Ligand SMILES: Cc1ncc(COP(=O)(O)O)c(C=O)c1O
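Heads up, the chain below is alone and in the form predicted on its own; it's given as C-alpha cells.
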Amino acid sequence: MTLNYVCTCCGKKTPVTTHEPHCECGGLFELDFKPQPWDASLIDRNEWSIFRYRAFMAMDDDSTWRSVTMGEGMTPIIPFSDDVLFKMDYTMPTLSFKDRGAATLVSHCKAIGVKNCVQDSSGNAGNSVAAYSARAGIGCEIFVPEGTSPKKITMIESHGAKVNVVPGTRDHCADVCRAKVKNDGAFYANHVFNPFFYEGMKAYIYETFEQLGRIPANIVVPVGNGTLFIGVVKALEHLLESGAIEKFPNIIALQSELCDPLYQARLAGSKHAADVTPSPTMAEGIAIGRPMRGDELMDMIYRHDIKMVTAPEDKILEARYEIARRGIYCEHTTAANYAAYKHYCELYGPTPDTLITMCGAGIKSDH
C-alpha cells in the first residue's frame, strides 16, 4: 500500500516516509486513507492484539508491526452497574489506553527508519511511546510538565528514555518539545501530530463491536488533545458507512471543569476551541488548554451533535473511591470519566447502556 499524508490546511500530499512533523505550510497531517468496508471475516482471529483489525488500518507493510506489538488491545468489558459497562483499558502493557496508538505509531517509525524520537506528554502517552520505542530499538526522549505523577516518570525512565520535566503548563511543555524538534531535527513521535496514532485508537471501537456484537447506546470519551475521541469517531463513522451499525451512538465527551476549551466552545457555538487559562486539576491527562487539533475536534462534535460535559473537580476523588470499592483501582483522570458521567445523569436523567473507558491504572498516579 502506497500511503500519503494530506495537509489539513493546504491539501498538499506528502509521502508518509517523511520525517517532518507537519506540512511545510505548518498544517497538520491527515492520512490519505479510506478503510475498506467493515467485514468481520477480515478480522485476523489468530492475532490477539489491535493488529487483528489491520485490514481496516493504514499500515506501512504487513511485517514491521509484528516485532513491535506487545499484545495491546482486546481489553475486557465488564459490568459496573445496571447502566454502566467499563472497558478495562489499563490492563494493557503499560497500564494505559494509549498503547493502541503507540503500537501503530512506533511501528510506523520503525518502518520508515527512525532511530531516535522525542515526544511531549502528560505521562501516559509518553510512557507508551517510551516502552514501544524500547521494544523497537528506537532511542526516545520524553518531555513532561511539572506535576506529572512521579510513578509515570519512573516508568518512562525504566524503558531507557530520557525524561525532561518542564516547568509550567502542559501546553508550555509541548512548546518546549516542539522547539527541540524544530532546532535539532528530532523525529516528533507525537500522539497529536502523527495520524498513525489514531489508526491504533480506532481499535477501541472495533474491539467493542466484536466483543459485544453491538455498540452501546452511550459512549463516554475523555477529551484533552482528543486522541481517543478522534479514533472513536473515525471507527464509528467507518462502521456506519459500512452498514455494520444503523445509527451513530450518543457520544458524551468530557473535559475537566478546570480546563475546558472545547466545552466552552460548544457552549458558545464556536467552531474553534475557546481561549482558557487552565487551573491545576487532578485530571492531569486531559488538562490541555490549547488542543492542536481543536478545529478538527469541534467539527466532529458538531457533525455528530456530540454532547459535552465537565467533570466536577470535587467529585473526582469520590468517584475514584466508589470505583475502588468495587475492586477497580484507576488513576484520577480515569475517575473523572465516571464523575463526568454521573454529572451528565444529573443534568439529563438516567443514562443506561453506557460504556466508559478505564484509561489508566491507579498505581501510576497515586498522589
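Numbers for residues come from their place in the sequence shown, where the first is 1. Computed from a predicted model, the values in this text were never measured in an experiment.
Keep in mind that the form predicted together with this ligand is missing from the display, and what follows is about it.
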Can you pick the stretch from 63-71, 317-325, 50-58, 330-338 whose heavy atoms fall within 4.5 Å of this ligand in the model of the complex?
-> 330-338
Contact residue in the model of the complex, chosen from 250, 169, 208, 227 - any heavy atom within 4.5 Å of this ligand | 227
Within a 4.5 Å heavy atom cut-off, is residue 131 in contact with this ligand in the model of the complex?
-> no
Distance check, residue 101 to this ligand in the model of the complex, heavy atom within 4.5 Å | no
Tell me, yes or no, whether residue 286 is in contact with this ligand in the model of the complex, where a contact means a heavy atom of each within 4.5 Å.
-> yes
Answer yes if any heavy atom of residue 124 is within 4.5 Å of a heavy atom of this ligand in the model of the complex; otherwise answer no.
-> yes
